[in-house]
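Taking the form predicted on its own, here's one chain by itself in C-alpha cells.
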Amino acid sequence: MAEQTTRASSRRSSASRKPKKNQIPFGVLVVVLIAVIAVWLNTHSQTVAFFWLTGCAFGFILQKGRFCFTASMRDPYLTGGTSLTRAVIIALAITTIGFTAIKYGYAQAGLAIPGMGYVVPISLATLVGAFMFGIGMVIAGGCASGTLMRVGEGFIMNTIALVFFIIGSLWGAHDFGWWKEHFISKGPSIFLPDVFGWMGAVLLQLLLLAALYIIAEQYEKKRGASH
C-alpha cells in the first residue's frame, strides 16, 4: 500500500513538472549578439572591443565556476567546505609569481616598476575599511565579481546591491581625497621586496599562502569528521 502511494505521488509530481525549454537557441543568439557588438565596437576602438570580449569571457568563467571571493571566506563558516577558499589561495600564489616576475624584469631593466601606485599606506583605516567591506559583502551576498555574475543570472537582490555598490563607489571616489589626507596616509607604505628582497618577498608570501592552504584543508577535514 505504501509503495503504491509512493508511486502515485511520484507520477503526480512528474506530471506537474513543466518541460524544460531548449536554451541552445538563446545561447547561439547571445553569442552572435556579442560578436556583432564586438565588431561594431572595433570600428570605434580596438581597446574597447578587447575589453568587451574579455569581460564577456570573464563573466562566463565566473558564472560556470561559481567563483566569488565572498563565498571563499563565508563557506568555511556556513558549510565547512574550503574548496573555493583553496582555489583562491592557489590563484593568489600563481599571480604572486607572475606579477613578481614582471616587476622584477622592469626593475632589472632600470625601468619604472609597474603597479607601484597600488603600494599604499597601511593603517587603522585599512582594518576598518576591510571590516566594513566584509560586512557589506555578506549582507549583499557577494563581492563585486559575485554580484555582477548574479545580476547576469537575474537575481533581483543582487541588482539592488549593484545599484548601491555603484552609488557607494562614486561617493567614495568623490570624497577619497579627504579620506586619504586625514586617515589613509597616516600609516607607512610597505613594499616587501624593499624589506626582504625580491626572492625573500616571494618566498615569504608563498609560505604564508601554503600555510593558509594547509589550515583550510585541515579545517574542512575536521568539520567533516565532526559531522
Partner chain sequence: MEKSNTKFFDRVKKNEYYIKWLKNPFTYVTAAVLLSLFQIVTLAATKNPWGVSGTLAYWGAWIYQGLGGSVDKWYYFASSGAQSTLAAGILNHGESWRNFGIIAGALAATLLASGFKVKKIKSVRQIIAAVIGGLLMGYGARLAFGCNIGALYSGIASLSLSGWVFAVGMFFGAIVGSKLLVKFFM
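Residue numbers count along the first chain shown, from 1. Here, rigid core means the biggest group of C-alpha atoms that superpose within 1.5 Å across both forms. Since we're looking at a predicted model, the values are computed, not measured.
One more form of this protein should be noted, the form predicted together with its partner chain, which is absent from this view; the next part is about it.
Not displayed here, its partner chain is kept clear of Asn42 by more than 4.5 Å at the level of heavy atoms in the predicted bound form. Using a 4.5 Å cutoff between non-hydrogen atoms, Ala216 does not count as a contact of its partner chain in the predicted bound form. Contact between Ala211 and its partner chain in the predicted bound form is not found at the 4.5 Å heavy atom cutoff.
Using a 4.5 angstroms threshold between heavy atoms, Gly110 stays clear of its partner chain in the predicted bound form.
Contacts between stretch 169 to 189 and its partner chain, counted in the predicted bound form as any heavy atom lying within 4.5 Å, involve Ser169, Leu170, Trp171, Gly172, Ala173, His174, Asp175, Phe176, Gly177, Trp179, Lys180, Ile184, listed in sequence order. Core-superposed comparison between the shown form and the other one: the C-alpha position of Arg66 differs by less than 2 Å.
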